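Coming up is one lone chain in structure tokens, specifically the form predicted on its own.
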Amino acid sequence: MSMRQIWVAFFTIVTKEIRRFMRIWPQTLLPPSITMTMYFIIFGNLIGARVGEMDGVPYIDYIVPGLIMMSVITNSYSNVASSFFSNKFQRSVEEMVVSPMPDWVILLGFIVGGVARGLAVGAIVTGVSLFFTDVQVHHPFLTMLVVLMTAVLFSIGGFINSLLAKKFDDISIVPIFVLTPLTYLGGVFYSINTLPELWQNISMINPILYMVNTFRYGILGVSDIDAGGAIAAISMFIVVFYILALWLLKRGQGIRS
């Protein structure tokens, strides 16, 4: 394929993915905003008034970055996982695989679609947060970099999940039993400095902790971990996951019988 044809194929997949979640926006964009509104009301206003400050920051301000990141993670992941598996189930993905289109174009197209939904929901949640608090971004470049990298990483994760899944139930296993626990234990609602030393050490193996805290540092200027090391770790995960996803796609994992 020529470069022009490759770009046409890439933008076709991206456009399809964006139109897919925009067409059913009451299912893809509205529920996260309602859920996060409940979090802000319950944890931010009601519980936050009793907590006071966390790391010198009003509690409602402290949880804003974590809630934004939580919405980006779950929606980037679920968008790619559900979309690509649906294509597998309908056997339409086989048409893409046997076409002259390179595998990396297919992979990147779905990743960008997942990133678009993750960032869209993140922007909506950010808008919702402004009704409850006024947060000033301390490091705009770092903030955008870490949220973009996180969306990319979990979009790739969703792609891998969809390749390995054999039935629709397999799509929900990782979000329920892996992503949700790691997210809630990733410092969304608390600083790990409030934990006993044993649990602080255990928390340090949670990758989502680094993403949430780096994003929090970008917005509030406070963090429990080093932002530079976190960016390096996220970059490494992206490279490893991308190579794994491309390898699985090339060998037809879950596609070719």
Partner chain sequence: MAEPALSIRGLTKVYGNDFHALKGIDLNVPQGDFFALLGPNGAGKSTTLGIVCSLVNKTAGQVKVFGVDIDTNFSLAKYHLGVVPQEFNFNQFEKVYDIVLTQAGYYGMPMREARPRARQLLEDLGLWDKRDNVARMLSGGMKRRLMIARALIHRPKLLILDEPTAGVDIELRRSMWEYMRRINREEGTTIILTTHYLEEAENLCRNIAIINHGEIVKNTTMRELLAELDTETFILDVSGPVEALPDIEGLERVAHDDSQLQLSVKKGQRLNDVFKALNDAHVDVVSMRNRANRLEELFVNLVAEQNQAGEIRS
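These numbers were taken from a predicted model, which means no experiment stands behind them. Residue numbers count along the first chain shown, from 1.
Another form exists, predicted together with its partner chain; not displayed. Remarks below refer to it.
The candidate site formed by M70, L145 and M149 is entirely out of contact with its partner chain in the predicted complex, as no residue has a non-hydrogen atom within 4.5 angstroms of it. The closest heavy atom approach of A123 to its partner chain in the predicted complex falls outside 4.5 Å.
Although the partner is absent from this view, A116 stays clear of its partner chain in the predicted complex, with no non-hydrogen atom inside 4.5 angstroms. At the 4.5 Å threshold, heavy atoms of D134 stay clear of its partner chain in the predicted complex, well away from it. Shown alone here, D169 lies farther than 4.5 Å from its partner chain in the predicted complex, counting heavy atoms only. Looking at 179 to 187, 125 to 133, 151 to 159, 100 to 108, the stretch with residues near its partner chain in the predicted complex, meaning non-hydrogen atoms within 4.5 angstroms, turns out to be 100 to 108. Along 1 to 38, these residues reach a heavy atom to within 4.5 Å of its partner chain in the predicted complex: M1, R4, Q5, V8, A9, T12, I13, K16.
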